[in-house]
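Given as structure tokens, the chain that follows is alone and in the form predicted alone.
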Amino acid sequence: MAGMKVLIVGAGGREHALAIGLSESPSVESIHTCPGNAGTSMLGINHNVSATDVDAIVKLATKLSVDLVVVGPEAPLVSGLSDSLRDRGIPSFGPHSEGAELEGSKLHAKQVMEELGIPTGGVQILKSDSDIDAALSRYSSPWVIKRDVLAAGKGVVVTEDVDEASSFIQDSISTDGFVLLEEFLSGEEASMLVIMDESGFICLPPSQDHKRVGEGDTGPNTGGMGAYAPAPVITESVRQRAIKEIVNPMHHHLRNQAIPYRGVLYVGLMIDDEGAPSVVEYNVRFGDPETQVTIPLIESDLGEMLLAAAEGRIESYQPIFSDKSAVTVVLASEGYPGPSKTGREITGENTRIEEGEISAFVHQAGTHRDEEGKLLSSGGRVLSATALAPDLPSAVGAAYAIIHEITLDGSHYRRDIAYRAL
């Protein structure tokens, strides 16, 4: 479909990555983003509409007569944004509200996995009358405690400290009524992004992100401090096993629902020492920062692929992927992942590297421009330096070369992105 008008919902680095990919798609004529950031504003028009205001987004999409809506964050999907758009005949890349419960409710996701026989860790549901000490004793440490709410990737505590575990369990029960205590899965994590609809699915290049704030995976969890793709821990044999044991049964389940799943299914995997994959979690949207390293590896028309899934015909789409390596390094505000210092000036954001087969550039996230045109920080994760190269070490080097050219007072970043593969 030539000349598509696309509306992207969201404001982070993921949405800027999608905007860049769509801007390079021959099928796309114009891009709109709500609310967007300073990066997306350079590729199209930003609209001051919150990503969680479903009614306002539907009105905007209708007013603009868009051909496709691409939903970035999970909250509007759980709230039924895709349902409302499709009711008005507007194709939406993102599952309906029932499908989005795979992320909206971790309990629901566990129940579906158990029903389908998908490998995952054991789980206990703890309530106010539960014996917390007895529950903790059933699993060896570290313990994994998950709130059954949308918490932007931060509603999870993994700890070897029994007092911290018990305290978080009690606080979560007090707030939410119950909490999930899960068996810890050992091994190496990786992510598979799977574009799917009722007709079929496409597995995108696997990636690995870095959740902890500090080098060597230390410190508190974050939304993600960097990523790289493809992740070598996903060998071809591991990939085929994950498709057979995890993707296929879930796709069969989702395609046979009254309203089929159309969008991306994020499969968070744990690969054990013997190469056996298990599911850590499902998300119902593109990951952030995984999107920043995945989209640049798609060489075919991204707009056509997302529209095909939104219309239920992904089986007919033939993707082309690059054989390069991609790396992204996140630059975060002072204080992140706690309360972050914002409103500080950023310079060097336009730095690029184009040297032979190596290219590197900036994905913006928590950024905006003031009335004088200065670029200012507006969030915890401010931007990321992303690089593509024929090999992983070259991509890592180029990404850090970009990071070193950017100035933001008090900012920090991890210096060991992709260390497991290197």
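We number the residues from 1 along the sequence you see. Quantities reported herein were computed from a predicted structural model and do not represent experimental measurements.
One more form of this protein should be noted, the form predicted together with a small molecule, which is absent from this view; the next part is about it.
Inset, instruction - Report the residue, out of 211, 255, 86, 241, that has at least one non-hydrogen atom within 4.5 angstroms of the small molecule in the predicted complex. - result: So the residue touching the small molecule in the predicted complex, by this definition, is 211.
Inset, instruction - Could you spot which one of 247, 270, 173, 135 gets a heavy atom to within 4.5 Å of the small molecule in the predicted complex? - result: Flagged contact: 270.
Inset, instruction - Indicate whether the small molecule has at least one heavy atom within 4.5 Å of a heavy atom of residue 281 in the predicted complex. - result: The answer is yes: residue 281 has a heavy atom within 4.5 Å of the small molecule.
Inset, instruction - Evaluate residue 130 for contact with the small molecule in the predicted complex, applying a 4.5 angstroms cut-off between non-hydrogen atoms, and reply yes or no. - result: Looking in the predicted complex, residue contacts with the small molecule do not include residue 130, since no heavy atom lies within 4.5 Å.
Legend entry - Distance check, residue 150 to the small molecule in the predicted complex, heavy atom within 4.5 Å: Close contact is absent here: in the predicted complex, residue 150 is far from the small molecule, nothing within 4.5 Å, heavy atoms only.
Legend entry - the small molecule contact at residue 324 in the predicted complex, heavy atom, 4.5 Å: So residue 324 does not count as contacting the small molecule.
Inset, instruction - Among 179-187, 330-338, 343-351, 88-96, mark the stretch whose residues have heavy atoms within 4.5 Å of the small molecule in the predicted complex. - result: Contact criterion met by 179-187 only.
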